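In structure tokens, the next block holds one chain alone, the form predicted on its own.
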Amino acid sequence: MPAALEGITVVDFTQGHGGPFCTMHLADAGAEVVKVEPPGGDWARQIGPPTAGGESAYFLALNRNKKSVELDLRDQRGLEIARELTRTADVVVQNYRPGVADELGIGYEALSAINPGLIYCSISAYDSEGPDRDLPGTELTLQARGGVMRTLGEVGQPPVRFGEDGISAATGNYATQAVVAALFHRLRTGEGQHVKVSMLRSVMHLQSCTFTFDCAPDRGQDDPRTRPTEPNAGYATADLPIGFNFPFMLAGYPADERWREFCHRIGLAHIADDPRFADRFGREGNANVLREYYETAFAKYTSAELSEILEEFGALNAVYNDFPTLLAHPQILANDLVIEFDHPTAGPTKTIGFPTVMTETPKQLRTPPPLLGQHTTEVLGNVGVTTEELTTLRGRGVV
């Protein structure tokens, strides 16, 4: 069964997280992705620990289903070969700072001149226009400057960065979406185009709902960390924390009454009729006081036991899983959300599966992340580089 993007060729000049995340999604959907790495490789290969068999876990997580070519674009012959790779490609993705690709000779104008139908995707930190266009950007700087950190941390203390590289991943997702939309446009019209994606746009877009809420006339100036819904540390149990709430109505059964029954069930009958906790707003307004009662009672339960009790009373709840618990969960395993590849140096390695299911064109794990330059001979041979020239180029350090 052919994959959705089978027959689509992508030349990937990206490094790090967001760009490789985009091209991995394209590769998972069946595109042939040729990862053009500079001498020494994608800098993500050097990130660690953790490592597996000397390979960066960071790199392994982002580069499955790709082919690797090591090529020096600052050498004239190296540049010529790179341009030849893009001549028949459908998509080019790069995440240099604005202007660098043009300086190297692989910018949109240069490549679209030799391949008018090319979909060319530029990924940057702060976008291609404006006073900050040339600034470098990292996950930390974009979380901070993009305002998303304002929702995390203790009230009265500086905001904090959230742990996952969420802005980088979101940027890769938006880039994937834009590339596929551009391919669909080309299918209808034959036109290529320049697609621009930035971490700044991504962090702003992720906050669409909260920005609209905060900019309303009666809001906008308070610290969002004071709101009952943000952040939520959960409640300690005998093992893992758990978070829960009682929906406003439970199939016609008032949540406040259910909450009082829950209190009797777990040994908190003495607060069931406390006027401070009479309704949801009272419980939210006195959350710190209620936390002490909860955690005293919850100490005798594991998170799994408490979850079962909460479900008896219709409360929406979730255990705050650590990785061992998460990856062993039956729901995760039933949906193949953990998959494994056999890497030539890292050996059998688990990774996260595919984020979507396509019934007619399923995604596949075809190949593990490539070794640096693993496919140089194969790929460059396809664009006319002979074995003799390849030997010469290796001797010069071009490949």
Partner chain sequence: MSGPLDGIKVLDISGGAAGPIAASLLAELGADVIKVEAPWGDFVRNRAPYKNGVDLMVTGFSRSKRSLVLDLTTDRDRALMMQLVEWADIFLENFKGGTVERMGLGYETLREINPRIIYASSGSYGSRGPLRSKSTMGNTSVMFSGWGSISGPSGGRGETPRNGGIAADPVSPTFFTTDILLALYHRERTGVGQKVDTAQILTSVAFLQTRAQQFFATGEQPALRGSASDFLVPSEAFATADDFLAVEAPTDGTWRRLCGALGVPELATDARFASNAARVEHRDELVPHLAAIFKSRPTEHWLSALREAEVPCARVSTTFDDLYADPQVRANQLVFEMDHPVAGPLKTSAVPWEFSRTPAGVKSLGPMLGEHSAEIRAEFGFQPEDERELAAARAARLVGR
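Note that the coordinates shown come from a computational prediction; the quantities given were computed from them, not determined experimentally. Numbering follows the first chain given and starts at 1.
Below, we refer to the form predicted together with its partner chain, which is not included among the displayed structures.
J.: Against its partner chain in the predicted bound form, would Gly78 count as a contact residue? Criterion: heavy atoms within 4.5 Å.
T.: Gly78 lies outside the contact set for its partner chain.
J.: Taking 4.5 angstroms as the cut-off for heavy atoms, does Pro2 touch its partner chain in the predicted bound form?
T.: Close contact exists here: in the predicted bound form, Pro2 approaches its partner chain to within 4.5 Å, heavy atoms only.
J.: Counting only non-hydrogen atoms and a 4.5 angstroms cut-off, does Ala182 reach its partner chain in the predicted bound form?
T.: Yes, contact at 4.5 Å.
J.: So, Thr296 and its partner chain: in the predicted bound form, are they within 4.5 Å at any heavy atom pair?
T.: No - in the predicted bound form, heavy atoms of Thr296 and its partner chain never come within 4.5 Å of each other.
J.: Looking at 32-40, 354-362, 370-378, 65-73, which lies within 4.5 angstroms of its partner chain in the predicted bound form, counting heavy atoms?
T.: One stretch meets the cut-off, namely 354-362.
J.: Identify, from the list Ile271, Leu290, Ile266, Met149, the residue with a heavy atom within 4.5 Å of its partner chain in the predicted bound form.
T.: Checking each option against its partner chain in the predicted bound form, the one that comes within 4.5 Å is Met149.
J.: Along 185-213, which positions have a non-hydrogen atom within 4.5 Å of its partner chain in the predicted bound form?
T.: Contacting residues: His185, Leu187, Arg188, Glu191, Gly192, Gln193, His194, Val195, Lys196, Val197, Leu200, Arg201, Met204, His205, Leu206, Gln207, Ser208, Cys209, Thr210, Phe211, Thr212, Phe213.
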